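Below sits a lone chain in C-alpha cells, taken as the form predicted on its own.
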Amino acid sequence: MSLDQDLHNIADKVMHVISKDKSIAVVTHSDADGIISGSIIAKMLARKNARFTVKVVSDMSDKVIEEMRSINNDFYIITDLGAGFAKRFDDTFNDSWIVLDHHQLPEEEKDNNNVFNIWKYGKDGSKDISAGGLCYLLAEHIDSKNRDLSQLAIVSAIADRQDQGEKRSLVGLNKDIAEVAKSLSLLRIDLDLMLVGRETRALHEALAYTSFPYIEGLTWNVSACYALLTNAGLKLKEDDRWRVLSELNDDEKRSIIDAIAKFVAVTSNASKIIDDLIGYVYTLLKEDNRSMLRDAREFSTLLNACARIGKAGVGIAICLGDRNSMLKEGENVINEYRKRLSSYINTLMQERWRIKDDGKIVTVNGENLLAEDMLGAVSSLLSSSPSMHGRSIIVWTRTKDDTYKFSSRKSNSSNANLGLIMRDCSSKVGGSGGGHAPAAGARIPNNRLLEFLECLKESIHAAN
C-alpha cells in the first residue's frame, strides 16, 4: 500500500466528481483540526468552482449518517472522523464517499480504497500528520496553487498537540509541510520563550496563564507575575499599551528566564521548568502583528474555542480568509469560551463528589453540568494540572439525545492506548469510540454507563 498512489487515486475520484458538477457534502469534526480540515477541502473545492456544503458534527454516529443520507448529496467527503464506520458508509452511500482521517482505524478498514488514513502507511496519526495535513496533501495534489494552504495544516498539527519532537517541534510529514510553508515565506520557525498569547497578551498575563510548565506561585497568579517581571527591570508598558512577548528583544527574554530561574531555584525540578519554557514557535508571517492568528498555537486556541461553544462557522470563515467581522466575532468567542471553561472548573472543584481518584484513573462526572462539546477542553485542562500527574482522566456528561459522551486524556507515564480502549469498550456496550493513544472519546447508550466505566478502568489498569 502506497500513500502516494492512494493519494493519486483519491484525488482522481474527487476531480471526477467535480468535473461532473455533482453536489458534495463536506462533513467534518467539531474541533480545531476538524475546522481546518473542512476549510482546506472547502477552499480547494471553491477554487475548482465545485458545488458543496460544509457540515460540522461532534462525532460520527448512525444518527449523523442518517442525517447525511437525508440531505441527498451526490458525494461525501468526511474529514477528521469516520474511523470504524467504513462498512456503514459503504452500505449507505455505496462508493460515493471518502474519509480523510488520522485516528487509529480497525484492521478491516485498511483495505478500503475510500479510506485515506495515515495509519494505513505505517505512520503514527497522533504525531506524524493531522487530518488537516492529510486534507492539505489532497488539495496540493489536485492543484499546486493550494500549497498556500500549508500554513493552515501547520495550525491543525499544533492544535492536535502533534508538536511532540524535541523542544515541541513538529516531526514526520508535519515537518515536511512546514518546509513547504517556509519556502513560500508563509511560516517562520524559531526556538524561543514559550508563553501563551505571545502576540496578544500583556507579558505578566502571558506568564500567569502559561500552565506548561506549571510554576507554583506564578501560574494563575497575575499579580505575582507582574511583580516578578517588574522587579526584573522589564518594561511592561509602552505608550500606555501593554507590551507582548513577540515585541521583546533577546536580552529582555533572557531577563525573563533569569527571573524565573531565581524564583524556582529552590524547587526540585527547577532545571526542567526552565527547559520546558523554551521551544519551537511557529509564526504565520502573512498575519498582522499582535493578531491572535499570527502565532500558530494562539490561532489553534481560537479555532478550538469556536468549535467548543458551537461557533464552528466563525472558525471556518476565518480559515477561509475573513479578517473583518468574523475575526472580531472570534475575539468574542474566545472570551466566552474562557468564561465557560473557568466556570466549569470552579464548579468541579466545589462539587468534589463529581471527581473520583484511585491514583491511576480520575473519573469526572459532568452530568447536568458540562456541555458535550466542552468535554475535550475540560479533560485537557485537568490533565495538565500537577495534581493529576501520572493519571488517566475520564470525563463524561449526558447529552441532549440522551446518550453519554466521554472524553479521555492520559499522562506520558501511562502505557494505556486510550484510542483502542475507548473503541473496544464502547463497542461492547453498543456505542462507538476511538481516537489516539493519549486522547480519545466515546458515545454510549444511557443504560450502559456503569458497565462501560468498569471496562475502561479494567483496561487502563491492565495496560499499566
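Numbers for residues come from their place in the sequence shown, where the first is 1. None of the values given here were measured: they were computed from a predicted structure.
From this point on, the text means the form predicted in complex with cytidine-5'-monophosphate (C5P), which you will not see here.
Considering cytidine-5'-monophosphate (C5P) in the predicted bound form, which of K127, H103, R391, R198 comes within 4.5 Å of it through any heavy atom? It is H103.
Evaluate V56 for contact with cytidine-5'-monophosphate (C5P) in the predicted bound form, applying a 4.5 angstroms cut-off between non-hydrogen atoms, and reply yes or no. Close contact is absent here: in the predicted bound form, V56 is far from cytidine-5'-monophosphate (C5P), nothing within 4.5 Å, heavy atoms only.
cytidine-5'-monophosphate (C5P) contact in the predicted bound form: G434, any heavy atom under 4.5 Å: Contact with cytidine-5'-monophosphate (C5P), yes.
Contact with cytidine-5'-monophosphate (C5P) in the predicted bound form for V26, defined as at least one heavy atom pair within 4.5 Å: yes or no? No, V26 stays farther than 4.5 Å from cytidine-5'-monophosphate (C5P) in the predicted bound form.
Is G84 close enough to cytidine-5'-monophosphate (C5P) in the predicted bound form to count, meaning some heavy atom within 4.5 Å? Judged by the heavy-atom cut-off of 4.5 Å, G84 is well away from cytidine-5'-monophosphate (C5P) in the predicted bound form.
Residues of stretch 438-460 in contact with cytidine-5'-monophosphate (C5P) in the predicted bound form (4.5 Å, non-hydrogen atom): Those in contact are A439, A440, G441, A442, R443.
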